[in-house]
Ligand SMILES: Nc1ncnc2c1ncn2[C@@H]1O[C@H](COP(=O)(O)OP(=O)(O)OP(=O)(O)O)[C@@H](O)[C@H]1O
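In the block that follows, a single chain appears as structure tokens, in the form predicted on its own.
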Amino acid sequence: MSTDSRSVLSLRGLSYRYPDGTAALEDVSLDLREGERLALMGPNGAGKSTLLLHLNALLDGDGNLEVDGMALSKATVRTIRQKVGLVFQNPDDQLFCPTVFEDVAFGPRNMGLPDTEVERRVHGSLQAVGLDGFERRNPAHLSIGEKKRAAIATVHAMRPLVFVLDEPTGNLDARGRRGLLDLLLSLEGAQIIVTHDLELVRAVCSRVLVMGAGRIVTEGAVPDILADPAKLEVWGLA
């Protein structure tokens, strides 16, 4: 990634409290550059998943979000959700149609695209994630690795600027993990990846942002952040 690449996502001063008043996020800011793969790490309960839900406006806290130069507002929320594609940790939360084709077509159809373009995107996205020929398969009958790829395809078909992925290697065996790493490296677009998987971070990401108790604890280049085992333990990463 070039250091002078443009910003595709900027978040400033995000704070969020649950309905019971509990603070989930406190003054969180981040920037993502074009083509960058950013690892978002921290112990369970640090606020990572809550942060992800703000990045495509599924939650609405206090702060400012800008995507591709466009500030989040009621008028822009639909466009921002198309530009920032969220891949859930559990693919069963993303796959709800009777066939893989229908799941991947769901987003493009909601965009109002013509049928020919929907079909083109479905086939292209399934090919991109290694599921070419799975169009008529029932998602419930796929392996966990295949489900994760299908979930990524549902986002890929929207042609987002940013992929936001929550624990993409969770519950995968060694072969599935290797295949998923290769897939992440092949995707066009910037990525924010929530993960505890240090191998993934070293293989895929250039920068790490570490969270703790709803705040940014530290951030930096992957080799710098992962170099000190003692700090990794303090930050809940090892």
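Position 1 is the first residue in the sequence shown; the rest follow in order. Small disclaimer: the values here were computed from a predicted structure and weren't measured.
Form predicted together with this ligand: not shown, discussed below.
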query	finding
Sole residue of 35, 176, 43, 61 within 4.5 Å of this ligand in the model of the complex, by heavy atom	43
Close approach of residue 103 to this ligand in the model of the complex, 4.5 Å, heavy atom	no
Contact of residue 24 with this ligand in the model of the complex (heavy atom, 4.5 Å)	yes
Proximity of residue 48 to this ligand in the model of the complex, heavy atoms at 4.5 Å	yes
Contact label in the model of the complex: residue 89 to this ligand, heavy atom within 4.5 Å	yes
Interface stretch in the model of the complex with this ligand - options 63-71, 183-191, 168-176, 49-57, non-hydrogen atom within 4.5 Å	49-57
Stretch 188-208: residues contacting this ligand in the model of the complex, 4.5 Å heavy atom cut-off	196
